[in-house]
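In the structure tokens that follow, a single protein chain appears in two forms: structure 1, then structure 2.
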Structure 1
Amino acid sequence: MNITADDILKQSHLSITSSRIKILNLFLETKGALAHGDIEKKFGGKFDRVTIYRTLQTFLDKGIIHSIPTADNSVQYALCKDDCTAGHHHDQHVHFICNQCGNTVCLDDVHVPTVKLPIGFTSTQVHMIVSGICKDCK
């Protein structure tokens, strides 16, 4: 059974709005990660920048998507897996960025190694980015 945007919004106790449905459907249809600008381009001005930003922030807060930092200090977003919830992201996997096509892909089966921090340091989030050439560009 495929989960729908409506299902995800209901499970996250979010109201079902046109912008949320359309943006969430875009994530469900996309193989890799999306940047704010990708969403803007896709909808060609149908939603303003603030609506997209607020929708992404709400999805982040509810554990629907997770953020992926990029080398140019921007952020991309990808769908979380089933075990993420509001305030508790469990997407400890490697992200791969293709140097040729620019796609960012979650490598769900490749986990971030444990980082042993010095006494007194506490991590709140660990990101591991690998760059290279993806299988489609090879």
Structure 2
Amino acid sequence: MNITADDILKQSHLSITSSRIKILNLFLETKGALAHGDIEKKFGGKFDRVTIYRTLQTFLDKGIIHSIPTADNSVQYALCKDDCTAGHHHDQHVHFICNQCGNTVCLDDVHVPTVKLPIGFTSTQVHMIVSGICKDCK
């Protein structure tokens, strides 16, 4: 028995609304990551753009999704599979962006290696974004 959108919202103490259910279901059904624009296209005016922005922000805050910075200035979002909480994210996996199909995927099994920073620098978060050709496009 898989976890449902409903469960996730309850766990995060969020009101169950139809926008949240639908957006969360889209994440659950999608392999890769989603940008704000993807969600907007998918639901084509079914709900307001602003609702999507606020929903994504809420999900980020609650540790339901994490954001992935990309070089082309379009932030992608993906479900957190690790045990992220409202306070902090622990998604320490590598992200892969395919230059062919454009998909962004979480490489859940590829852990971000630690690097030795110069004296005086303290790290709280590390992003590793690899781009190239994915297994479906090779």
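Throughout, rigid core stands for the largest set of C-alpha atoms superposing within 1.5 Å between the two forms. All residue numbers here refer to structure 1's sequence, counted from 1. It should be emphasised that the depicted structure is a prediction, and the values quoted were computed from it without experimental measurement.
- Of the two forms shown, the form predicted on its own is structure 1.
- The Cα shift for Ser15 between structure 1 and structure 2, taken after rigid core superposition, is smaller than 2 angstroms.
- Core superposition places the C-alpha of Thr122 2.4 Å apart between structure 1 and structure 2.
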